[in-house]
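In structure tokens, one chain follows: the form predicted alone.
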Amino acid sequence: MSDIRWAFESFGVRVCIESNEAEPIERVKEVADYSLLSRLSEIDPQLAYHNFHITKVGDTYSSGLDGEDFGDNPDLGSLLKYIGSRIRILVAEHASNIVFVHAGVVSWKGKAIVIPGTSHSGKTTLVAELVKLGAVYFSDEYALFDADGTVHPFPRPLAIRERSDPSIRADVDVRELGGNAGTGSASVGLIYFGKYRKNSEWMPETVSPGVGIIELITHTIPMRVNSEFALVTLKNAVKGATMVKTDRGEAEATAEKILHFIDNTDN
């Protein structure tokens, strides 16, 4: 059987998937659509410049991306889960007009609150608590900045971890929290840098634009690929924004303090 190919474009990134069987292609279509929140369009495979391959040999699947070998996997389901995350990272890294920053984002009174952080930093939990207090949900994974520094929603289901076992995550629709997902962009009102530390107090210290940009760079996906555009975008994002840094305690209390801080700052 000759290879079957399917390709899509998302945020200016063109990706082709090829396989020697039809099933992986059909399932990757679903995975890509879910991973990118349906923000993709099918294209001619010849126009793609990134290529995933999934090849079934006996009872095992070999796979890779642009010459990188993912190794062999007998379980197509777990392989597709991994490929879904790689698709999202690939698009985030190579997007042409958007800068992806690892961050939780909500909107409060028309201004975006951006919470940069890595996995396991607690940003999803904090975002969920902000939503419960009435903030509009943008994302628990990426802040999407355009060239002007404006933030756009990427409202995937919140990946909320089990308290008893943080390795287990469940997708939760924002409506289950009594909240709503954003539909329009917002300028940045607050950027909060901080990590959860048990019994920490909310003691925000203002961060200068220069220090804030340095902090943001560590969470910015395309710095290696398109550093010049990313840096200009980050500079535009922090213009007029308040930036603070402090460790935090429990998410529920911190969410209240963040909104109280913003309201007092605005007044």
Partner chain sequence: MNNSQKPVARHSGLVVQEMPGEVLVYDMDSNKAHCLNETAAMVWRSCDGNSSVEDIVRSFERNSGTKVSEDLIWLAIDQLSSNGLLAEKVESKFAGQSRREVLKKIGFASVVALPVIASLVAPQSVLAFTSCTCNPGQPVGCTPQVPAGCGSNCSGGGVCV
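What you see is a predicted model; the values in this text were computed from it and never measured. Residue numbers count along the first chain shown, from 1.
The form predicted together with its partner chain exists for this protein as well; it is not shown, and the discussion that follows is about that form.
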Answer range among 32-40, 197-205, 214-222, 47-55 for contact with its partner chain, defined in the model of the complex as heavy atoms within 4.5 Å: 214-222
Interface membership of Ile87, its partner chain in the model of the complex, 4.5 Å heavy atom rule: no
Contact test in the model of the complex: Ser185 vs its partner chain, heavy atoms, 4.5 Å: no
Interface membership of Glu93, its partner chain in the model of the complex, 4.5 Å heavy atom rule: yes
Its partner chain contact in the model of the complex: Asn73, any heavy atom under 4.5 Å: yes
4.5 Å heavy atom contact with its partner chain in the model of the complex for all of Tyr82, Leu231 and Val238: yes
Proximity to its partner chain in the model of the complex, single hit among Arg169, Lys132, His152, Lys111 (heavy atom within 4.5 Å): Arg169
